[in-house]
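What follows is one chain in structure tokens, specifically the form predicted on its own.
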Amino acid sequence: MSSESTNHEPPTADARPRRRADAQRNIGSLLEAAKEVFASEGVDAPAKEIADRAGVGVGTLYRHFPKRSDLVLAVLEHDVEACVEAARTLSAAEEPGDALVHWIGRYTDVVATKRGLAAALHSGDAAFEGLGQRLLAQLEPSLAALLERAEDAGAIRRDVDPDDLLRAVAHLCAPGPDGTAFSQRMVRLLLDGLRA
């Protein structure tokens, strides 16, 4: 018997093979396609339409997102992460009041373009349980930082609660007579009321 020891420990997370580049591209394409299709057709749009727009087969969609709720959750999480990053970018690049307005516009687009999302969130599907509150909790620190800068600059009044504002914008994004344009107009009116 050899005296040399053999390492049989399981590989660490860092040693595990990375997901293939084409699989990562497929996931990115599927998320972008789903976002576009959800905006025009709603979150119950046919899987084939999303796969076709992403340039992949339906089997690829189901391999990455076995259930509809998996895809909806992934799109929402992707959008929320982009909103959080946008808050940092806008803070560094724009005046405080402008950064706040542009970020609220981006958040409005995220909420307003998910037709059927409210029904999905209240469908009783366990995958969506508490999701709205979790997403708001992720976004609130970003908005709070933008609000604080805008308040300190004298651009808005000082009694604006970030959670209230997130919820108000979400409520204003209910489907209107001319789609997202209605939501954007209503949110602009809300923002006008926040000015100092």
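Numbering starts at 1 and runs along the sequence shown. Because the structure is predicted, anything quoted here is derived from the model rather than measured. Rigid core: the largest C-alpha set superposing within 1.5 Å between the two forms.
Not pictured, yet referred to below: the form predicted together with the DNA.
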Quiz item: Looking at Gly55, Gly28, Gly42, Pro141, which is the one with a non-hydrogen atom within 4.5 Å of the DNA in the model of the complex?
Solution: Gly55
Exercise. Find out whether any non-hydrogen atom of Ala47 is located within 4.5 angstroms of the DNA in the model of the complex, and reply yes or no.
Key: yes
Quiz item: Is there a non-hydrogen atom of Arg63 within 4.5 angstroms of a non-hydrogen atom of the DNA in the model of the complex?
Solution: yes
Quiz item: Within a 4.5 Å heavy atom cut-off, is Gly59 in contact with the DNA in the model of the complex?
Solution: yes
Quiz item: Going by a heavy atom distance of 4.5 Å, is Arg68 a contact of the DNA in the model of the complex?
Solution: yes
Quiz item: For the chain shown here without its partner, which stretch in 129-137, 47-55, 147-155, 164-172 has non-hydrogen atoms within 4.5 angstroms of the DNA in the model of the complex?
Solution: 47-55
Self-check item: Core fit, then Leu71 C-alpha moves 2 Å or more between this form and the one not shown
Solution: yes
Exercise. Answer yes if the Cα of Val37 shifts by 2 angstroms or more between this form and the one not shown on a rigid-core superposition, and no otherwise.
Key: yes
Self-check item: Per-residue C-alpha change between this form and the one not shown, Ile27, threshold 2 Å, rigid core fit
Solution: yes
Quiz prompt | Cα-Cα trend for Asp79 and Asn26, given that in the model of the complex the distance shifts by 3 Å or more | solution = farther
Exercise. Could you tell me whether Asp44 and Arg167 have their C-alpha atoms closer or farther apart in the model of the complex than in the shown form, knowing the shift is 3 angstroms or more?
Key: closer
